[in-house]
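The chain below stands alone and is given as structure tokens, in the form predicted on its own.
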């Protein structure tokens, strides 16, 4: 298929690379220069990348970036052909995505929100999970591409529902990891060694996928970004805004938001979100 892939960050670049490896004709664009994908053509603008594309796939940082890429002066909308499908794997507010979908459909194309979970490792290995809001028939058309970049794709409903589900899942991730980090700090402050504590965790009901994934990095004190703290913090703000819009109280997440604010002030924003552990350690006076 002819695919325009827009956004070559931590997630986007390996996703585009997997599409190339599968034999698709891929044209890529990235906001900052100097990024490319082996075997793909590079475009100077989203408009150029989207020209003649059957699929336009976005993976950019936030709502403002999505709007600019789609509808800016050199945006996708200027060359989007009728019958094309725009797929957005960015994490933004559902109501913003619904507005973008309406504008795209007025131009004769279809729109899908398909945020992902699986982090950097999943993107590189083609093991992402796509959380999809789309028409059923459009979802089926995209299955060959989902299968190249991920291990599964779950349609949770119509437009906007993929993003709503993604924010709910990231809420669980943020709270689960913060509970793990706080438990480590409290145990350490009381003189408990981490290795036997981890053995207990791994044998008990508190074991989780989040802990399984993050614990090896924590044990190695490796806080290089698999999912940068600044992006998880952005998602937390989206969760809180979605909660405000829907009359939902999230007191636990409001507290975690304050931890992220403190950690960002300490200079950890570009590290992995697991680096909030260091902020808790510093406050407790443990290492």
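Positions refer to the first chain, counted from 1. The model shown is predicted, which means the values in this text are computed figures rather than measured ones.
There is another form of this protein, the form predicted in complex with another copy of the chain, and it is not shown here; the text below is about that form.
Peer 1: When another copy of the chain is placed as it is in the predicted complex, are 131, 199 and 249 each within 4.5 Å of it, taking any non-hydrogen atom of the residue?
Peer 2: Yes, each of 131, 199 and 249 comes within 4.5 Å of another copy of the chain in the predicted complex.
Peer 1: Picking from 164-172, 99-107, 80-88, 67-75, which part of the chain touches another copy of the chain in the predicted complex when contact means heavy atoms within 4.5 Å?
Peer 2: Among the listed stretches, the partner-contacting one is 164-172.
Peer 1: Is residue 192 a contact residue for another copy of the chain in the predicted complex, using a 4.5 Å heavy atom cut-off?
Peer 2: Yes, residue 192 is a contact residue.
Peer 1: Residue 138 near another copy of the chain in the predicted complex, any heavy atom under 4.5 Å?
Peer 2: Result no; residue 138 lies far from another copy of the chain in the predicted complex.
Peer 1: Since only the chain is shown here, I'm wondering whether residue 229 would be in contact with another copy of the chain in the predicted complex (any heavy atom pair within 4.5 Å).
Peer 2: Taking the distances in the predicted complex, the answer for residue 229 is no, it never comes within 4.5 Å of another copy of the chain.
Peer 1: Applying a 4.5 Å heavy atom distance criterion, does residue 151 contact another copy of the chain in the predicted complex?
Peer 2: Flag for residue 151 set to yes.
Peer 1: Taking another copy of the chain in the predicted complex, which residues of 53-79 have any heavy atom within 4.5 Å of it?
Peer 2: Contacts from 53-79: none.
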